[in-house]
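Form predicted alone, single chain, as structure tokens, below.
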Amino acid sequence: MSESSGNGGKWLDAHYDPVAGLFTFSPCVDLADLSGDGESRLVVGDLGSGSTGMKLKVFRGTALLSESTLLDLPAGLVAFFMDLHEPRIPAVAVASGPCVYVYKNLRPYFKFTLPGLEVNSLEQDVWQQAREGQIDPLTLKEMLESIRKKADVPLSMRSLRFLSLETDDMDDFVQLHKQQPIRRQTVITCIGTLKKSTADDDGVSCLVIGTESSDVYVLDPEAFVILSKMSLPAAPTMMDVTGQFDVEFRITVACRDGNIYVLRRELDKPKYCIKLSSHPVGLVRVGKNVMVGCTDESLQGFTQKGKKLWRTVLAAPITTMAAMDLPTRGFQAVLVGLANCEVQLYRDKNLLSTIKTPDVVTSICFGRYGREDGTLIMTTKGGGLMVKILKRTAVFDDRDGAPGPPLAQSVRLNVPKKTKLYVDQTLRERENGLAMHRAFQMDLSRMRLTAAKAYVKALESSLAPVSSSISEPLKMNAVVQGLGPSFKLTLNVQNTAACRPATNLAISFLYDEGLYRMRNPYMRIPLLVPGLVYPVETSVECTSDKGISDIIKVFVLHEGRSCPLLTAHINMPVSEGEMLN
């Protein structure tokens, strides 16, 4: 076991077999304790070559434990508890064609077949005429094509196959099938599980099946009868199920029309619809939100009612998605497999980690494998099998590194309810909006005028700490140090001109001589070089013992001129020395 590179040191490489010969996708992979010994096994529905070699494989550790032949391509598999018998060993349900094959103790246990669909009555009449020899194969073809264009009920598979034949093969096909009854059968497109009455991990679960005929069935886990049937506007491709059948449940389904529908208990039609800009390729529920991967290389987040929360653009097309749930840490995220040989971990729109893989990942499964809780299992496009283990010391930084608004912006504010006062104020603003706006503009104009007058007065009387003179631009700030009665007053004077020095300057102080005494109330300033700060220090002594303070005014003057260049008002602190004495 070695530390994986290119993933931030959060994962350990437990196993990699590039020639494992596993060709599958995420709905056909699951983890379950099939022996009741506390060790989870890996259950895989292998697609084989696509026409042959379909098998149900079970792995223990890195070794193949058992395999069973499947009659058709698997559309998905789930492990579920179908009864309360001890020991608590789950069964495996494999959806393949129109049937669900249930395996218990790794052996075939039960086969459930979907109910047949309604057959077109006109189609039955046409085949009855062909059976009695009233019409020839060419006439049969013309009549079936006419029915296909106008009828509401689709044709059966037998009629569709007949219409695709060449003229020479039609007669043999009619002779072979005309005595058999016409049936119209749908196939399963996706499968999931729904807890029946309790949310326990080993609680009895119902099977939820999505079909090509745009129906969703909920099956009883013991009698395998249909408990509920719901209809969708289009054929489902992916689903996520949460809740309990006897209490309340929610089935989120991605359909072939590019939309996502939400089914609720006691409703045979979708409750909500999420319209996407492109077709979904992945659907994962994280908490109360739904994360959807789309064909436009984007990952999007929605609420349960279909409100869009965020959207992030990925670096490559999405190949597969799976949930990452660590109950021991209270951590939930989504693993996204990309076509650029990367697996990225997202919590909401934040990218937490990236795993480099040697080949494109086609399926992802995270959970307890063996006795290790944080195990990541992946299969690749070339048939490889990878097993990685999350370090117990791994910490994921939830920092938002993607461009765009900060994460706090998406947090919903707790807006209080509207009070009667708020409503009355709103009505008053509606009725008197024009007068209120005029009053506001009048007050704003007055405030601007007052501010402009004060600014002009400050410039004319040099009351500001910054000089308005173009020939001698100066800036000054003052610092008072000490507790009293003696204070140290430091004036920092700076020439802000570009290249012209300032000369013949002086500083004068104006203060209450009954409160303060200064050693140098008038000082000359040396030549000021542009850009440098010149500190000018003097001492101030408080002569009063009444515990009061006053303002000392500082003027920067040019010799021979009565108007100061700039002025500063220093609020002197109360002399604490006299108070202590």
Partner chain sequence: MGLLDKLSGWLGLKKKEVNVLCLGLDNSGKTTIINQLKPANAQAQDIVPTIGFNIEKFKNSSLSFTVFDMSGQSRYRNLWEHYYKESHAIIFVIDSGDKLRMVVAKEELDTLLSHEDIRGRKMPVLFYANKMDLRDAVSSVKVSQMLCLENIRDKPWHICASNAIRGEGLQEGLDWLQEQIAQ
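Residue numbers count along the first chain shown, from 1. All values derive from a computational prediction rather than experimental measurement.
One more form of this protein exists, namely the form predicted together with its partner chain; it is left out here, but the text below deals with it.
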Contact assignment for its partner chain in the predicted complex, among 103, 162, 217, 369, heavy atom within 4.5 Å: 369
In the predicted complex, the residue from 475, 391, 347, 279 that sits within 4.5 Å of its partner chain by heavy atoms: 391
Its partner chain in the predicted complex: contacting segment from 173-181, 281-289, 263-271, 383-391, heavy atom within 4.5 Å: 383-391
In the predicted complex, residue 62 touching its partner chain (heavy atom, 4.5 Å): yes
Contact label in the predicted complex: residue 558 to its partner chain, heavy atom within 4.5 Å: no
Non-hydrogen atom contact residue 570 with its partner chain in the predicted complex at 4.5 angstroms: no
4.5 Å heavy atom contact, residue 20 and its partner chain in the predicted complex: no
Those residues of 11-41 which, in the predicted complex, come within 4.5 Å of its partner chain by heavy atom: 12, 13, 14, 15, 39
